[in-house]
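Single chain ahead, by itself, as structure tokens, in the form predicted alone.
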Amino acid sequence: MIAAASENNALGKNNELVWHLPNDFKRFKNLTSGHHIIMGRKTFESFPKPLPNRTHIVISRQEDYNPEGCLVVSSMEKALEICPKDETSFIIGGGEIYKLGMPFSDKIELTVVHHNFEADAFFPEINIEEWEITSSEFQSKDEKHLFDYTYQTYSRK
């Protein structure tokens, strides 16, 4: 999984991010390029166009949903079935999709935005009995980043 969430686990509001962190976008691009990315319909629809150099798998309950350039499935299990077994794939959101994907994940790339936000989508709680932080890199706010943030990598114990 890969996500950016605030200290209160907020992901976004009204299908939009509530912060702008250009370096986090670059990190997301670097980590996910060339891989399969799994997302919900609303997350996909929040993009202006499909993200380049990635295979999009969209989970939707809408039977006639068929956006160009995407593979559409009805469940997390079906999404994972079509991902290459010997490659890294990323679950990229939103909140419900992260919840569905948590039991199947072995790694979480999380950017923690050091602020609390009002939101309508949230990242699930990370159970520290099941996960451990294997790397952490603090980033200070600057002229392009209004908030401090930390890149954290979690691995399943």
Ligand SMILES: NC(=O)c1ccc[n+]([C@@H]2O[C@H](COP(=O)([O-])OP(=O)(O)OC[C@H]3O[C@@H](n4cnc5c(N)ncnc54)[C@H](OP(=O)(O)O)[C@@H]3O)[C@@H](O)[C@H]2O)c1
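All values reported here derive from a predicted model rather than from experimental measurement. Numbering starts at 1 and runs along the sequence shown.
Heads up, the form predicted in complex with the ligand isn't pictured, but that's what we're talking about next.
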Quick check on residue 95: any heavy atom within 4.5 Å of the ligand in the predicted complex? yes
Exercise: residue 147 in contact with the ligand in the predicted complex, heavy atom 4.5 Å: no
When the contact criterion is heavy atoms within 4.5 Å, does residue 59 count as touching the ligand in the predicted complex? yes
Does the ligand get within 4.5 angstroms of any non-hydrogen atom of residue 3 in the predicted complex? yes
Which residue, 140, 134, 23, 15, has a heavy atom that falls within 4.5 Å of the ligand in the predicted complex? 15
Consider the chain as shown here, without its partner, and state which of 54, 27, 41, 115 has a heavy atom within 4.5 Å of the ligand in the predicted complex. 41
